[in-house]
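There is one chain below, alone, in structure tokens, taken in the form predicted alone.
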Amino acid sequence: MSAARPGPWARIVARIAHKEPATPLALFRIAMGLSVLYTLLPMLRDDVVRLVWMDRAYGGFRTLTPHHWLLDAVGGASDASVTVLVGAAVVTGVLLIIGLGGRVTAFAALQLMIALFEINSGSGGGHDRLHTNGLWLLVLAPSTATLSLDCWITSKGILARSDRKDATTRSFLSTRPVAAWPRYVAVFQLVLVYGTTGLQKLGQEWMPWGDFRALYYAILAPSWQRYPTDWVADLYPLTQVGTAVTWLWEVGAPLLLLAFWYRATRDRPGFLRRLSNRIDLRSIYLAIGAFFHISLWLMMNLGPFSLVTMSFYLCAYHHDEYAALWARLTGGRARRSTSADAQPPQAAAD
């Protein structure tokens, strides 16, 4: 007699409890650290920290009354206080990149960035919340389990063919399994951002009766121009296509979740499931997004929005996929996860 199939709740619990190597989370951590630096270093380079994040009494452009426990602790939006906060945040960004301090570093970066973002709410954008949400996930996730100094410090790999039985070597890499659910939440965050953004694009410029002019207007907006873009007038039809595709792509964000579901249940029947897995709908969707983000970043000064958003893309792939890609690039052999907690082959890419 065959065993009864687990119920929906049991399958959900099993999925949440699932473990896998931390490579995607480690890459996400590195990208978030780079994004923190990309947010702060240009402000320091252009000497606008005082203007944007300091009170009018210290050279800022407006009177600020921020309320955050860390700001209150250091004395508000004063010259010395903001300088210390920005400097400390830069340090945490570097520590995230090299992977030192684990969850403590992520928590410190989270609190510092929240404090800075709350000084002047009118100076930021949606990317501020992506920063803080991403950093919070790094607090919940052991993202320094691999590709980190933490991993190198704690590693105890046994040397092959060593005369000493207790000989050890240190490594920046590890396939030790960690909780996979923070990676799933990162993907859901991405879908939530794109989906809700698309649903909020209700202006006529995004619609056929508005001649799909939204992208054209955005590129020509003086406040966002990286350099003169008068030439875009000659490409007006392409901007119309870009506007339509962008809107459809954003409101179609739930398709990414469907693609993940199809990959996790690839052993089940269904034409759409087979087609999605054959063409890798997940990678096609993310490739379109990367093209849009990079193109807009080249033409427009959108701050850290593109980098922090694409940081979440790194959580869309499993350790084994990164290992296979590295093997192809280096001509080596893929280092697949082998622990009992690793994903089964049919679901390794979900």
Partner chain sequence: MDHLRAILVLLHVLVISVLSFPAPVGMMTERAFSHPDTQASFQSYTDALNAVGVDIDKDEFQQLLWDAGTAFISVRRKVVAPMQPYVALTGTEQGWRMFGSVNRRPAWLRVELKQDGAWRTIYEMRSDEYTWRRQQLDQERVRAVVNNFSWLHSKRTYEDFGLWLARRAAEDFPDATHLRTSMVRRALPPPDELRAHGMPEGTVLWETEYSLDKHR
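Everything quoted here is computed from the prediction, not taken from an experiment. Numbering follows the first chain given and starts at 1.
Keep in mind that the form predicted together with the partner chain is not shown, yet the notes after this line are about it.
> Give me the residue from 264, 207, 151, 257 that has a heavy atom within 4.5 Å of the partner chain in the model of the complex.
Contact check passes for 207.
> Tell me, out of 277, 155, 111, 83, which residue has a non-hydrogen atom within 4.5 angstroms of the partner chain in the model of the complex.
Partner contact (heavy atom, 4.5 Å) among the options: 111.
> Where does the partner chain sit in the model of the complex: which of 314 to 322, 26 to 34, 48 to 56, 284 to 292, heavy atoms within 4.5 Å?
Stretch with heavy atoms near the partner: 48 to 56.
> May I ask whether 133, 188 and 300 all come within 4.5 angstroms of the partner chain in the model of the complex, judged by heavy atoms?
Yes, because 133, 188 and 300 each have a heavy atom that approaches the partner chain to within 4.5 Å in the model of the complex.
> Answer with yes or no whether residue 176 is in contact with the partner chain in the model of the complex, where contact means some heavy atom within 4.5 Å.
Result no; residue 176 lies far from the partner chain in the model of the complex.
> Looking in the model of the complex, any heavy atom of residue 214 within 4.5 Å of the partner chain?
Yes - in the model of the complex, heavy atoms of residue 214 and the partner chain come within 4.5 Å of each other.
> Would you classify residue 97 as touching the partner chain in the model of the complex, given a 4.5 Å non-hydrogen atom cut-off?
Because no heavy atom of residue 97 falls inside 4.5 Å of the partner chain in the model of the complex, the answer is no.
> Is residue 124 part of the interface with the partner chain in the model of the complex - any heavy atom within 4.5 Å?
So residue 124 counts as contacting the partner chain.
> Going through 172 to 205 from first to last, which residues have a non-hydrogen atom within 4.5 Å of the partner chain in the model of the complex?
The stretch touches the partner through 181, 185, 188, 189, 192, 193, 196, 197, 199, 200, 201, 202, 203, 204, 205.
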